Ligand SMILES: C[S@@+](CC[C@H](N)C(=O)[O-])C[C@H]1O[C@@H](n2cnc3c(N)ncnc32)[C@H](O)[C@@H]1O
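Before any questions on how it binds or moves, here is one chain, the form predicted alone, in structure tokens.
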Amino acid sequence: MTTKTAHRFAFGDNWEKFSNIVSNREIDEAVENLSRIVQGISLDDKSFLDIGCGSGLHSLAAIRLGAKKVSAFDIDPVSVQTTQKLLSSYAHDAPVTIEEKSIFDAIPANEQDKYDIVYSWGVLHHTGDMWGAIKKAAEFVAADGEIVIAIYKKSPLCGFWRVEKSIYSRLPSLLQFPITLLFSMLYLVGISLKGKNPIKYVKTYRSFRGMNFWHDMIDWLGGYPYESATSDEMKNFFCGLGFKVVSEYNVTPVKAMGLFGCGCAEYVFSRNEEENEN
């Protein structure tokens, strides 16, 4: 991942801290989540590209699901190092290529540079040119391949969050901490008001978000640049690129106007070969 803006949040630092608590439990849950989102699509003997690899957890999940070739890249050198460390610990014999690279500089030279599965979870809305980044990512999808992508849902408070993230990401960690603590407490109060157990929610958070609660709060508050999209915008854009929707998850409108964040909608698109031939 890279940004087309001068300033960006230090995502790699947050992923590096999260990676220090990764265990077989987190890996198993990542495998389960990847299996869920690509339901019906086997990764056996498939090639897999992880755009914006973060901690490397999703690349590792693809390896565990049988991918024969895995490539990953990220603009953040800390994320690249973290991915290398994680894969060397849990998949040291796997054929993996990990690079420090921008999505805007990434170009498939030929069909051999394209992948059966292109995966980018919660990344391309942080580039400063989301639609341009999505278009670039789609270029890596093989003729009969799929792209798996998660993008922030659009909410009435997106403008507010864009300003908040710009400010938070510029603050020293000493000032970020109390803001994160306050937001986390308010978030859990909201969970309680919905009739849910906040302690259980925090304990099981990683099973449906891929990151633990605290580090995800940091990621949300600091995630700058920031863009979002509606389900219709995503489907119309991919249709224009010659893709069709295979599945979509968590695309319902944001509750409470996005006061506590908006979450990511998840999509799987495949190349529409019939349309491309016409």
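Just so it is clear, the structure is predicted and the values come from calculations on it, not from any experiment. Note that residue numbering begins at 1 and tracks the sequence as displayed.
A second form of this protein, the form predicted in complex with the ligand, is not displayed here; the remarks below concern that form.
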TODO: Look up in the model of the complex whether Thr82 has a non-hydrogen atom within 4.5 angstroms of the ligand, and give yes or no.
DONE: no
Open item on the list: My question is simply whether Gly52 lines the interface with the ligand in the model of the complex - judged by any non-hydrogen atom within 4.5 Å.
Closed with: yes
Open item on the list: Under a 4.5 Å heavy atom criterion, is Met211 part of the interface with the ligand in the model of the complex?
Closed with: yes
Open item on the list: So, Gly122 and the ligand: in the model of the complex, are they within 4.5 Å at any heavy atom pair?
Closed with: yes
Open item on the list: Please identify the residue among Arg162, Lys101, Lys135, Lys196 with any heavy atom within 4.5 Å of the ligand in the model of the complex.
Closed with: Lys101
Open item on the list: Given the stretches 28-36, 236-244, 66-74, 41-49, which is the single one in contact with the ligand in the model of the complex, using a heavy atom cutoff of 4.5 Å?
Closed with: 66-74
Task: Any residue of 123-154 that, in the model of the complex, places a heavy atom within 4.5 Å of the ligand - done: Val123, His126, Thr127
